[in-house]
Every structure is written in C-alpha cells, then in structure tokens.
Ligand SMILES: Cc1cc2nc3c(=O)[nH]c(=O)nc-3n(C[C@H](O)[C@H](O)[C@H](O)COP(=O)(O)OP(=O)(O)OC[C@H]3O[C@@H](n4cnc5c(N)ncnc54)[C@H](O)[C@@H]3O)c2cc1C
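In the form predicted alone, a lone chain appears below as structure tokens.
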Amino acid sequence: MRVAVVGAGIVGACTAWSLVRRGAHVTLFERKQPMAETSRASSKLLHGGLRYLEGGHLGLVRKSLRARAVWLEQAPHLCEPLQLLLPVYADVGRSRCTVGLGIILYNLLARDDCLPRGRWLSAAKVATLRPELRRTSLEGAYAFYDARMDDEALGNYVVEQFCAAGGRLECDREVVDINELSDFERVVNATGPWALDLRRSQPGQPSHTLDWVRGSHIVIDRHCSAALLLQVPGEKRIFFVLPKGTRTLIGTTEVRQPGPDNPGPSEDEIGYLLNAHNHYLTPIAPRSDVAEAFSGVRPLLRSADNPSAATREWAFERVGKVLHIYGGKWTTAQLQGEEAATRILQ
C-alpha cells in the first residue's frame, strides 16, 4: 500500500516509521526540515507526567512511562535517566502528604522499568545537592527519575530509521490540499498545530477542536547542579529547572493563542519564568542572564478552559482515505504512531 504522511515532526516521523516496518511504501512530506517546529522546542524530557496524576489521568501516565522505557532502550546515546528534586515547602505549594502520595503512585505505575524509585530526602541532603535553593520553610524534597533527551537529535534518529527501512523523505515540500496526494492509497495528516488547515481541504466539520498553547522556555547562563520540579508561587502550575550543558533551562509557560503560527516567547513569558526561578534560587537571575529563549506551539485537544488542565491524550478522525491526527505529546509519539499506522491500514 502506498501511504503519504504529511508532517515530519515527532508524531509524523513515528507514524511513518511504524508504517514502513509493516511493509507499506511510505513517503514522508515536510514543508521545511524534520523536527523544525514544535518537536524541537520541548523541555527536553521524556517523562511520565507526574503532574497529570492530580487530574486523574492514570492511563496517560502509564502509557507515558512505558514509552519512556522504550526510548531509553532504543536510543541510549540520545537520552539518559535524570534525577529530579521536587522540594516541599511549608509556606508554598502542595503538602508533603499530597506530593508523597503522587510519588507512591508514580512508583507503582513505573514498576516495570529499571529506573530507581522516588524517595524522600531531608532538607539537609537537599541543601548539599542544590545549595542555591531557598531554605526558608524547606521541609525536604522527593527525588524521582525521568529522562532527558535532545529532542531534535532523537526526532531525527526516528527519521533516519524510517529512511533506512526503505521510507522516502521529501523536505521543502508543503502539502496544502489533500487532492495533491491523489496518487496515494492512504494519507496521514500529522501536521500538528496545522492539522485543521489541511483538514479544511476535505468536506464536513472536523470531529475535534484544537487548543493552540504556546510553551516558552528560557536558558540562563549559569550551571545547574541538580534538576528541579517546582510549583509556580501563587499558582497550581509547575515548572522545570534543568541542566542544559553548562547552562540552565527553565520552562515552561502555557499561553493560549488564536492560531498555529509561532510568534516566539513574549517578554511577559520571559519575566514570568525568571520570577518563578528567582523565588526559589539564588543569586537572583536578571534579564541580562537570559542567553536564549524559544517556544513551541502545542496542538492540544480542547478539553478544558484552563490550558494547563487540557489533556495530553490524542485523537483520530478518518475521512475517506485520510487519517487526521489531533493532539498528543512527545514522550508517547511512538505509541501514537503505532496506533495511527494500525488505523490507516485498516
């Protein structure tokens, strides 16, 4: 079967790789270069989504943890385990009991992998691991594991595997109408934030609505001795402080916007991330310390008024010979691609 996959972000690449492994003749179309958009603008983590447990998304967390293990096994040269500290303060954020229950559940859901289990560390131990961390009201921290990766390199690894298996990649080839692909027996729309644009070239209303949510990050010019997961002061949102070479990566924001095109991080977002960082860590990082800022537009399924509460699950719509993909997340892209491949070959 001749199949066209439109969009060489991580979901499109994983779908194309799954299809070619099943014997399909696959062409992967990309309007720029693979991983040129949202897929290279992540927090550089392969994670189960500890925070999703609070919303009751146990199935998504379990899938994410399983997917994380697959990535670590497949590409250990591009991803590796990372210990994160989740500090607990008496005067801000969730209680030790609440966080501890989440860690216990995370451990249970990840019981089949080989990463160390989450555990409690005293305030004194936390201070040795991250001496810059504010100690006032610090009770201690939970240490738990996820994985870090180079999103662009890992995504291109998938594209390389696809090509090595016999797939064909066409870059700098924008598809704006499904009718351009009339020679193919099946078509997959994996254009991420632009999925609805391509869907409009077919009749009828889409079965799903997308939420375009911009996630911005900053990189500051200082060393990060230990990765942190922290709660934004005055909010329920969390943010990451992560090592990025000799620098520190801080993110992310969640700003709803009216369309899929990426305007880049706003000054408000940069200030928001700096303020969150400076609440917990010393010395204070001024605006001049920001060496880099980037953002990606996530195509989330519209499922909540607050984008922070929107599901990271995915959905499909079949219209004739075309399968449209909506939503998803980086970590679970291989699972999503496998399911897309199964559906389009039916």
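Start at 1 with the first residue shown and count on from there. On a predicted model such as this, the values are computed, not experimentally measured, just so you know.
One more form of this protein, predicted in complex with the named molecule, exists but is not displayed; see below.
**Student:** Each of R21, G167 and R186 having a non-hydrogen atom within 4.5 Å of the named molecule in the predicted bound form: is that the case here?
**Tutor:** Zero of three within 4.5 Å in the predicted bound form.
**Student:** Which one, H77, R256, R237, R173, lies within 4.5 Å of the named molecule in the predicted bound form by heavy atoms?
**Tutor:** After the contact test, the surviving option is R173.
**Student:** Sort through R51, R31, R62, H277 and report the residue having a heavy atom within 4.5 Å of the named molecule in the predicted bound form.
**Tutor:** Going through each option in turn, the one that passes is R31.
**Student:** With the named molecule left out here, work out from 315-323, 39-47, 282-290, 53-61 which stretch has heavy atoms within 4.5 Å of it in the predicted bound form.
**Tutor:** This holds for exactly one stretch, 39-47.
**Student:** Do H217 and the named molecule come within 4.5 Å of each other in the predicted bound form, heavy atoms counted?
**Tutor:** The answer is yes: H217 has a heavy atom within 4.5 Å of the named molecule.
**Student:** Indicate whether the named molecule has at least one heavy atom within 4.5 Å of a heavy atom of P193 in the predicted bound form.
**Tutor:** Yes.
**Student:** If we define contact as a non-hydrogen atom of the residue within 4.5 angstroms of the partner, is G9 a contact of the named molecule in the predicted bound form?
**Tutor:** Yes.
**Student:** Is there a non-hydrogen atom of G328 within 4.5 angstroms of a non-hydrogen atom of the named molecule in the predicted bound form?
**Tutor:** Yes, G328 lies within 4.5 Å of the named molecule in the predicted bound form.
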